Ligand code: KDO
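Below, in structure tokens: the form predicted alone, a single chain.
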Amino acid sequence: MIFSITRRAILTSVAAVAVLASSPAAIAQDKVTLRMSAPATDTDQRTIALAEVFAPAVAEFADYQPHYNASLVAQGSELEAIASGDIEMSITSAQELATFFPEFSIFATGYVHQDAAHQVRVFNDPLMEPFKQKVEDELGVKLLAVMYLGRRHVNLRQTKEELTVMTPADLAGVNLRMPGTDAWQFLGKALGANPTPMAFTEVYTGLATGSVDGQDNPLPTVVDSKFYEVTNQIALTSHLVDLNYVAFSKAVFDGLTEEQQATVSEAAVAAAESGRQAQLVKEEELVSFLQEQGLEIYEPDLAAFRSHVQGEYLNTDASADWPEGVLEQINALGN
């Protein structure tokens, strides 16, 4: 009931914002104000790309105003803020969209996206149109581009001689720290491990003492948190190729000229590509750094992992909200 009331309130706000955006006062403004709120810092690859690529591209008709560290609106409330007209832009996740539209959970699932290029192909494919349209129609938000966040891998205390992870069967009995939510714990089990919930702040000590055998995170997190000091190997499982979407107010977009709309769309795509390439380079550099620290880094049988993990989802209620046939279409766009 609470969710239904919230949805109706958002739709009412969307209608109001649309009227405002087309009012003479709005049209009379020299430039459109684009307030962008995100929980990320100003040094994040995503926000850097928007500031350095998107903002200059739209500067002729828009005033881009970034707000970092959730300083303008609280993290997790950005979509509602766009719908109500409190901000014009944000960076949103599939997980956040799934709270409104459960079918978006498919894009936050293990082994759905294969790599950064696959994310782009999926986003640009006709299979995404019903998803995008629903977000526009019911939330008043346009998804302009997909941004690459990075790949999560399995990072273990054991040496490769003690344990080589090539298939999910090799993770049997491994206590793998995973975030504590049901969705994360399900993914850990689907990988073949014994998922162990543990606060992020406790992970370093847990690895050092052997309370857990390993943890899963992108390489930048392994480096930033110095997990390489208490682990010996990384199996490049790429079990979650994480993403964000550039979210933009549909009401504001509809108030732009066709030429301005094209510029906004192209600028968002260019910014996403810039951030994507920067993140890919960073990941490659971190592989070299971690190897220099003595970690063994290798790629397991990804096809075996993908087949097993997708089967775990398809054989449970975890896939109940996925539109029929969409997973097959996504897989067909892979390498």
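These numbers come from a predicted model, not from an experiment. In this text, residue numbers run from 1 along the sequence as written. Rigid core: the largest C-alpha set superposing within 1.5 Å between the two forms.
Not on display, but discussed next: the form predicted together with the ligand.
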Legend entry - Single option in Val32, Val53, Ala40, Leu290 placed near the ligand in the model of the complex, where near means a heavy atom within 4.5 Å: Ala40
Inset, instruction - Scan Leu149, Ile87, Val154, Val112 and let me know which has any heavy atom within 4.5 Å of the ligand in the model of the complex. - result: Leu149
Inset, instruction - Would you point out which of 43-51, 265-273, 59-67, 294-302 contains residues with a non-hydrogen atom within 4.5 Å of the ligand in the model of the complex? - result: 43-51
Inset, instruction - May I ask you to state whether Ser93 is within 4.5 Å of the ligand in the model of the complex, using heavy atom distances? - result: yes
Legend entry - 4.5 Å heavy atom contact, Asn244 and the ligand in the model of the complex: yes
Inset, instruction - Consider Pro179 of the chain shown here, and say whether it contacts the ligand in the model of the complex, taking contact as heavy atoms within 4.5 Å. - result: yes
Inset, instruction - May I ask you to check whether Phe131 falls inside a 4.5 Å heavy atom distance of the ligand in the model of the complex? - result: no
Legend entry - Joint contact, Gln75, Trp184 and Phe200 to the ligand in the model of the complex, by non-hydrogen atom at 4.5 Å: yes
Inset, instruction - Quick one: name the residues from 191-220 with any non-hydrogen atom within 4.5 angstroms of the ligand in the model of the complex. - result: Phe200, Asp216, Asn217
Legend entry - Did Arg121 shift 2 Å or more between the shown form and the other one, C-alpha, core superposed: no
Inset, instruction - Note yes or no: does the Cα of Thr263 move by 2 Å or more between the shown form and the other one after the core is superposed? - result: no
Inset, instruction - Spell out whether the Cα of Met198 moves at least 2 Å between the shown form and the other one when the two forms are superposed on their rigid core. - result: yes
